[in-house]
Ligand code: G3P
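Here you get one chain, nothing else, as structure tokens; it is the form predicted alone.
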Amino acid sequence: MPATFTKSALLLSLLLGLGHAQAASEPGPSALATRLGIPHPAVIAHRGASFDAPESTAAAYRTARDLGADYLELDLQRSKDGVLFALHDNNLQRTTDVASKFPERKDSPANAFTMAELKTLDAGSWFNAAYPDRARPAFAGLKILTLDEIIDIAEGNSLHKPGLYIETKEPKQFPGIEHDLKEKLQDRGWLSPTASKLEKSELAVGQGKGKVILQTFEKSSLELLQKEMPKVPKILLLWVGEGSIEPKSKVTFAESGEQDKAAYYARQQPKDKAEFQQWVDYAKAQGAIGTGPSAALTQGGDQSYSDLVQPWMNQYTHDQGLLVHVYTIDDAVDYRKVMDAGVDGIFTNRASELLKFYKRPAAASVAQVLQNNGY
């Protein structure tokens, strides 16, 4: 072998080695998550185990907790009399019997009701009607939960304490909700890590510094959350459409002639790369530790949106020192797809399936967990 080639090869190997050493010294997403006390990859139970039980109810949250989900995810609203509670929709008709209990007020927003009124509603029977193959008699009559009740559930299993992943839902309807949330979390001891022998365990998310993650689509709410709780991890949720990332196409769903809303949304793209990047940059500038982008699902459906977890997007987000938690994914083919693209955690309605995918299967089946909790 010529001496010149040997010297060149040696120089090249030294340069490559130096490059690898520099890359290794830069904290990657896994190291960032560890520093923040956030499991990597994270299992985020979207409205609880909401494939297996009525969303945002005790059955869904207890099931997700006992399966071993890292986080119980919820949408935060405030009742007419100032009580914080969990509900996704602005309107009560999809998931309760408001039309029969309060027929003259059935179209009113949830925040037009007192907590006592909300507690009279059946938030479980709709699930039995919608999903007869997953129906259980004990789901009938399940109640809307206050934030206090969800905290009780998160704290209620001595072997596994999940964290809370809280979204300020339509925060402009609830001026001051960010402050109210801080007060409640502070009162319940959720704004400081608990000293515990479980703290080093992956099953003790709800006892470490990553025990609460705050999320919002609204820029103004992100700013208020940062002002109220600067040390609590925050996520800026992303999608393509009004109030978020500007789309390439200005054609609305109504104008598109498309029959399938999911197919329409899945085709939406950011106006350009810079448009996507500016939202990531904004998240970082406001103190967020990551983004929560949408995904396009293989089978389509009403959870399928614009594909905002393309590898280049995740790489850009990681390059800014931020994590990527994608929503909302329930099938193994899509778990694999988004993990291969580089995400750091997944919102799912099927915590049991995602735990299996991550090789962290629950000790008991969904049916056993439901039965153990009296459902």
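In this text, residue numbers run from 1 along the sequence as written. The structure displayed is predicted, hence computed values, not measured ones.
The same protein has a further form, the form predicted together with the named molecule, not shown here; the description that follows concerns it.
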Legend entry - Heavy atom within 4.5 Å of the named molecule in the predicted bound form - the one residue of 296, 153, 237, 245 that qualifies: 237
Inset, instruction - With the named molecule left out of view, choose which of 75, 180, 117, 228 has a non-hydrogen atom within 4.5 angstroms of it in the predicted bound form. - result: 75
Inset, instruction - Using a 4.5 Å heavy atom cut-off, state whether residue 217 contacts the named molecule in the predicted bound form. - result: yes
Inset, instruction - Classify residue 88 as contacting or not contacting the named molecule in the predicted bound form by the rule of any non-hydrogen atom within 4.5 angstroms, answering yes or no. - result: yes
Legend entry - Distance check, residue 335 to the named molecule in the predicted bound form, heavy atom within 4.5 Å: no
Inset, instruction - Using a 4.5 Å heavy atom cut-off, state whether residue 47 contacts the named molecule in the predicted bound form. - result: yes
Inset, instruction - Have a look at 309-317, 35-43, 64-72, 322-330 and name the one stretch with heavy atoms inside 4.5 Å of the named molecule in the predicted bound form. - result: 322-330
Inset, instruction - For the stretch 160-184, return the residues whose heavy atoms include at least one within 4.5 Å of the named molecule in the predicted bound form, in the order they occur. - result: 167, 169
